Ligand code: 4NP
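The chain below stands alone and is given as structure tokens, in the form predicted alone.
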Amino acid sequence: MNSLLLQNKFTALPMNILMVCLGNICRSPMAEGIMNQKIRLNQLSWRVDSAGTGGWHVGETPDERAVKVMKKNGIDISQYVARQFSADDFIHFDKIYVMDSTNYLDVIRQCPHAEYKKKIDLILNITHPGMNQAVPDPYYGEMNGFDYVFRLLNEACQRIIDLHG
């Protein structure tokens, strides 16, 4: 049997993951927080960060509704600070998960080398392969939209752990 198949979570290779949405105040910091919790629970030596394709919210903390939903689920993202995606992120991250097709196109446009394109994927392709489904942006909606986004991202992050952890 292949020795890599015998590796457990404690010997998994380190991975650097970037979560990307539009403004980096709702979906991507939620995904970062969820993944950070799963990394700790699984004792992995992975690193996760988040960024937005737009610069409108750089330096801001996450939307208070996102903070509230995350806190309700035992995760504190209140100290996260929004930043803008940069072409340098292709160098520092092994996988770049985007929340929707607009984010995907914005990230692809900044891709400095063709080989880096394989690092980018829609996060829901993890749970629904090849479907190219978007994580809906809850910003202009109600609290239940943030709850729904939490459930989608929690399932996707768990699948990432299951596949690579």
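The shown structure was predicted, so the numbers you read here are calculated from the model rather than taken from an experiment. Numbers follow the displayed sequence, beginning with 1.
As for the form predicted in complex with this ligand, it is not shown, yet the points below apply to it.
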> Would residue 156 show up as a contact with this ligand in the predicted bound form if we use heavy atoms at 4.5 Å?
Replying inline: no
> Does residue 69 reach this ligand in the predicted bound form if we count a contact as any heavy atom within 4.5 Å?
Replying inline: no
>> Please tell me whether any heavy atom belonging to residue 25 falls inside 4.5 Å of a heavy atom of this ligand, as the geometry stands in the predicted bound form.
In response: yes
>> in the predicted bound form, does residue 19 come within 4.5 Å of this ligand, counting heavy atoms only?
In response: no
> in the predicted bound form, which of the stretches 39-47, 110-118, 123-131, 136-144 has residues with heavy atoms within 4.5 Å of this ligand?
Replying inline: 136-144
